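Below, in structure tokens: the form predicted on its own, a single chain.
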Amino acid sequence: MQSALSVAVDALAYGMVLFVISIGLSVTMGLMRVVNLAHGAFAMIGGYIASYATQMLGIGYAAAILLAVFGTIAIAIPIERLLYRRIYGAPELTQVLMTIGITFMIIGIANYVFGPTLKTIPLPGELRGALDLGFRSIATHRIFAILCGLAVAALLWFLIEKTAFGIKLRASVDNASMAAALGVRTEIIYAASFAVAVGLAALGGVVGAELLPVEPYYALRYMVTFLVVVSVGGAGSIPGALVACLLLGSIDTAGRYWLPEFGEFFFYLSVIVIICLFPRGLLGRRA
């Protein structure tokens, strides 16, 4: 019983980290219709910026998170303007090739600027301790990651479903020409949506650095994992992404605890089964 509860706690923390990083990809794929395989690269940029800020500049953890999020957005906006805007509405293969190329460019630049070594982000004293749950102790940082995931889920759902911006975004996706004719500046809406997605990726890269270490090939190592989360949850579905992260996080964590010799076998087996049963994902939008 204690072992199961321990797995559940670790799976919840891992699933929430996956959610914070992957939900931005769900937005770009499900709402903006862009297969952005460079999403993990922006999470890596956020991690690198936070590591440099804390290690070299002596900036506090909270300030480093803000610097990572807004610094990554500042880097991503020109890329969106010069490159991504050219592939909105393009065939999926074109989007895949373009974003894979961007991924390798970002990896090369990051390695040149920061060096090919694992980057650490020192935690503040408040997040270094542990909370005793009775059956085990859980790191305070993992509780922080869980709370971040819940906050992101609530705020993003409210933004997309209950605000004027969300209405304009959904209108631009459904019929861009009609939305533009009604006065919606679709270019600005897409740029803002891209900025939100990239900012969430950077946030996840920093908050999740203890579980998904920031290293030179971070973007390639976790690319498939982020895509799998979006596919299983359903592109564009915030509740779907959350359910997928918690489900897959539980399966992956349980497999590593009890059957470590199988590696990620059960993780990908569950993905195959879910996609066969739910081709659009658990809570995917109908075309």
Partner chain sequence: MRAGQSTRRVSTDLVGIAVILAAAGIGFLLFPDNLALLTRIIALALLVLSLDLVTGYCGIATLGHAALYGAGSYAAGVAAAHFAISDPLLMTLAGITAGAAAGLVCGLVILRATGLPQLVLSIATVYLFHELANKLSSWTGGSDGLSGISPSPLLGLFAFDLWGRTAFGFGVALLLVVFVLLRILARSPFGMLCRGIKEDPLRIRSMGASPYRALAKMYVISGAVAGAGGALNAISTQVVGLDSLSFTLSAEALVMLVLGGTGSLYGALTGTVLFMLFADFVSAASPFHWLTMVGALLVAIVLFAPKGLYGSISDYLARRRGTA
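Residue numbers count along the first chain shown, from 1. Computed from a predicted structure; not experimentally measured.
The discussion below concerns the form predicted in complex with its partner chain, not included here.
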The listed residue (R170, R86, R185, R128) that reaches within 4.5 Å of its partner chain in the predicted bound form by any heavy atom is R86
Within 4.5 Å, heavy atoms only, which of M29, A254, V243, L67 is in contact with its partner chain in the predicted bound form? M29
Counting any heavy atom within 4.5 Å as contact, can you tell me which stretch out of 119-127, 98-106, 194-202, 148-156 lines its partner chain in the predicted bound form? 98-106
With a 4.5 Å heavy atom cut-off, would you call A63 a contact of its partner chain in the predicted bound form? no
Check whether M223 has any heavy atom within 4.5 Å of a heavy atom of its partner chain in the predicted bound form, and answer yes or no. yes
Is it the case that A181, even though its partner is missing from this view, gets within 4.5 Å of its partner chain in the predicted bound form, heavy atoms only? no
Taking any heavy atom pair closer than or equal to 4.5 Å as contact, tell me whether A53 reaches its partner chain in the predicted bound form. no
What are the residues of 227-264, in order along the chain, with a heavy atom within 4.5 Å of its partner chain in the predicted bound form? L227, V228, V230, S231, E261, F262, G263, E264
